Structures are given as structure tokens and as C-alpha cells.
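Listed next as C-alpha cells is one chain, alone, in the form predicted on its own.
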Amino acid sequence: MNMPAVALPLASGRVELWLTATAAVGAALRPRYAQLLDAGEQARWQRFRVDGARDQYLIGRALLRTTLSRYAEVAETDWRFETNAYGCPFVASPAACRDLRFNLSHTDGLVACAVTRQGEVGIDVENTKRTVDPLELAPMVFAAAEIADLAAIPPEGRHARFFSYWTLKESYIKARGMGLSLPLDGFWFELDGDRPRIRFAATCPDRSERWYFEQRQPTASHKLALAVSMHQEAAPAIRQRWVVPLATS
């Protein structure tokens, strides 16, 4: 398998985003992606019954493995992953690469991977062309302040606002690595400043100042949110790149 001659640098305080448009992945690449999967990934991939979800999973695993191999002289097939008590994956082997932290997200048309060192990172991408009823869904997934804000804005703006909140909340949950054990109404976002700001209730203890959030719209159909734990005063340096695994450098 491919392995970079020289690993890319990834300094502390930097986050790198790698995005793949699923439509850009040619049919000839998919068998090569399947060869990268370990036995557990192969079994999970085969269990998918919806073609779109199955394809997103395959491309996502290929993106993850090839991305990690950009930062270490490790073949794509040699990465081994384990999960914490909440199902959040991390690098188990090689042991020397456990400081590489990653998070993966996929939706219809897009797969995204965020990589950093040491700190917590979470990424979420959503296809905003999905038909949703913001006011119907909000009480199930948002905190009271977010629900009130959504109801107060003009109807034509609610769809975009819904996905802003949704992707941010997902990115935070994924960065914490605790899944839905975190109460969705125990934290909320304020979107009226230059950057999204998070607030916490007693049911979800955390410190707002230790988090940096950023939102992007990588395509006309997709919203992306990134959550990064702060280990220094300066905001993290973030670089975004598009790639087709095994087809581009």
C-alpha cells in the first residue's frame, strides 16, 4: 500500500480538515478502498443495507486511513483502532502514533476527516438539502435557548439556523467522545457573535473558554462544524483540503 516518503508536519495547535466529495470517487477506486479495511471494518461495511450509507462508510474509512498515513510513516492497512466506553474510536496501533487525534463524519455527498495532535476534536457535516421541520425537531435535540431563538427568526431563515445548531451540537458531542450520554439540553450555542459560543447547564459541566468552534459551508449543499479543545490562548490554525483517497497526493 502507499506510504508517504516523508510524513507531513502537524504542529500542536493545528487542525487539518480533509474533505472528499463522494461523486468524485471513481468506480475503480472502491475495490482498492475495500482492501484497506481490517476484518472488523469489512464486517461492518458488509452489514450496511442502504447503498448510500454503505458507500459513505467505505469512502470514510479509506479517507481516515490514507489521511493518518500522511502524518506518519505507516501503511494505510497497518492502522488499528479501538473505541472507548462510549464507542468513540481512537488510534490503538502503532502505539507511537496515539497522539494523533481524529474525527470522521459523512453525509449524502460528502465525507470529512479532522486530524490534530493531543487535543479533542469533533467534526460534523450535514447535507442541508434534506427536508426537515425545524420547529418539530428542535424540542427533541435542542436546549431551550436554541429552541426559542429558532422560533423567533423568520421562517425563511429557520432551515439554515437549524443546521447551524445541529452541526455544532454534533461536533461538540463527538469531540467529547461521550456520545448521547451528554444531555442535548445541557449545553447550547449562541450564534450572534463572530464565532459560535457554547454555554453549559449544571447537567453538562464543562468550561466554555476551553472550546473553539468554527462553521463552514464547503459546498452549496453542505454545512460543516468543527469543535476543538483549546490548550493555548491562540485560536487553532485550521487548514482545509479536498482529496480523493489513493487518487491524489
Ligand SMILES: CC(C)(COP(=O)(O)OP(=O)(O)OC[C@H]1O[C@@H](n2cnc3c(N)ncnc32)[C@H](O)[C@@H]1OP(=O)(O)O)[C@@H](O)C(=O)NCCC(=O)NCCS
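In this text, all values refer to a predicted model and were calculated from it rather than measured experimentally. The first residue of the sequence shown is number 1, and the count goes up from there.
The form predicted in complex with the named molecule is left out here; the points below concern that form.
Interface membership of G87, defined by any non-hydrogen atom within 4.5 Å of the named molecule in the predicted complex, is confirmed. Among heavy atoms of G177, some come within 4.5 Å of the named molecule in the predicted complex. Although the partner is absent here, K223 is not a contact residue: none of its heavy atoms lies within 4.5 angstroms of the named molecule in the predicted complex. Not displayed here, the named molecule is approached by V141 to within 4.5 Å at the level of heavy atoms in the predicted complex. Stretch 104 to 112 is the answer when you ask which of 104 to 112, 152 to 160, 91 to 99, 72 to 80 has residues with heavy atoms within 4.5 Å of the named molecule in the predicted complex. Site residues Y57, R61 and E170 are all in contact with the named molecule in the predicted complex, judged by any heavy atom within 4.5 Å. Between the named molecule and the residues R32, R210, R44, R197, the one pair within 4.5 Å by heavy atoms in the predicted complex involves R44.
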